[in-house]
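Presented as structure tokens, the chain that follows is alone, the form predicted on its own.
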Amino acid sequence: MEVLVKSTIMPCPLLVSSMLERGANLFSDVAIISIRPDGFRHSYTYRDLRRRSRQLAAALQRAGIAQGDRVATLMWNEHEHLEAYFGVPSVGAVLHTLNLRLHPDDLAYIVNHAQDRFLIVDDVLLEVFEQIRPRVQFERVFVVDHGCGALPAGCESYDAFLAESIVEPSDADLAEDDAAAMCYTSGTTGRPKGVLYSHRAIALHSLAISLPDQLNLSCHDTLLPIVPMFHVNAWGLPYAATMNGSKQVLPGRNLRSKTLLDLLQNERVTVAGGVPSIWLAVLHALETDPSRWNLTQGLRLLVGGSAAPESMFRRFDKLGVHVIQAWGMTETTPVATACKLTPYMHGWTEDDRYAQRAKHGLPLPFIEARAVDDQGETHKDGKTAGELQVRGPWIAGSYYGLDQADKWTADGWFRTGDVATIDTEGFVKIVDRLKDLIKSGGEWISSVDLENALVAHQAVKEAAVIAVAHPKWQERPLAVIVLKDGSDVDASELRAFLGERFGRWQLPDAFVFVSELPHTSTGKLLKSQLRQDFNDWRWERS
């Protein structure tokens, strides 16, 4: 008896390298702009990106990189970083982007935990590298030279490393579920945690965010990723832009509002992504001098990292600029929801439309979201809040080298720790988060870690750190201190004391000294009362 074999789809893996090949083959002359530290505008094409990415891949193979090895980057948004995005995973290695804003203690921990073999570092960030150098063991360090002088001992030139490879890299036996990239969380509770992104996850994520009802990215766009490429892969925007053949504008380290507005104007940018604090500064500059810049008609600003105020949508609309809010995490690759009004919502009142746009939107295709209350029930009434849980093909299934199964439910959902409502239309709105966390400029700050450090000071009896609204950074930490009897210490001394363990951006902006702190019946700090007490705090008073 003859057995019929059913035909299925070709077994072609979804790989990051295939996305680059598409961009280079179909859009070879499209420009990729990088702004150098000295302000110089560097320009090359997707053809050049492929050539140099292949050179990097071949050089890494020649240097003995093996499948699964981690190659770290300590870099701003620039074309060399983009080369690493594609060159490193094309030979089976894992690109590990390091967050240069973290404290050296956290950076050193992350490098050692990930077991990074090589490092690619900007010469303007060598000072950051030197702070962790005694505590890490990179086999080789390659410096992207912008002309800042002689290379430190033991370091090599990135361009010289590429020039050594005159042959094509040999094909790596890659599967789409192999790891391509890696990021660590900000260490909001305990140590930072590593998340591995597969080729498949990055490819599907890039396709999803490109859809018209999501972020709507195409070859017609010029993309400015202001969100750092070391922060959850710049929300995946460089991958999607390369796949689509979009012109890319990489701003480097100068993120001042007027400089960004000049880039938006001069490069005719159509899509840009950044955290609310960036866009609020840009908005202030535009409103202060409205005739100075001529921005592209229909410019779309992507906002994430923390909730954008509804007023920001209204103010930008008056300037002809459209804001789109999205939500995600390191564990979600990162975009999981995006907010676009559905057709019939355009018939709603203006106030209702703005209220809806200020939500975090619908889950992307293939992503499921639910809000689970304390009783384990889910609701879609737009009122009942619960922990936001998600699952899908680009949601992390575990942490790298860490057993923390409690972050996933028994039925396979990731527990985000955010508190959200979901309305009858399916729109997600983040309404709160873990009470101990502060989100400043798109980055998490742990209040518990700050409190534990403060009470280690000999003069401090008790300390609480809370989030207080800030006009620029959305939220900043405020420390409320009870001193020991007979002790005397001022804010500057406490700030210096914390500065030994934390980055400057993590330090409280103000210290308030009180006789006692409110507590619950079980002796826990009553932070809800403190937030109410300092609800009308004005930073100029600090």
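Note that this is a predicted model, so its numbers are computed, not measured. Residue indices: 1-based, along the sequence shown.
The form predicted together with another copy of the chain is left out here; the points below concern that form.
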197, 201 and 414 each touching another copy of the chain in the model of the complex (heavy atom, 4.5 Å):
yes
Segment that reaches another copy of the chain in the model of the complex - one of 26 to 34, 52 to 60, 501 to 509, 484 to 492, heavy atoms within 4.5 Å:
26 to 34
For residue 342, is any heavy atom within 4.5 Å of another copy of the chain in the model of the complex, or not?
yes
Do residue 69 and another copy of the chain share at least one heavy atom pair within 4.5 Å in the model of the complex?
yes
Wondering, does residue 333 line up within 4.5 Å of another copy of the chain in the model of the complex on heavy atoms?
yes
Would residue 426 count as touching another copy of the chain in the model of the complex under a 4.5 Å heavy atom rule?
yes
If you check 157, 254, 218, 131 against another copy of the chain in the model of the complex, which one has a heavy atom within 4.5 Å?
218
Please identify the residue among 149, 471, 290, 365 with any heavy atom within 4.5 Å of another copy of the chain in the model of the complex.
365
Can you tell me which bits of 361 to 395 touch another copy of the chain in the model of the complex, meaning any heavy atom within 4.5 Å?
362, 363, 364, 365, 366, 380, 390, 391, 392, 393, 394, 395
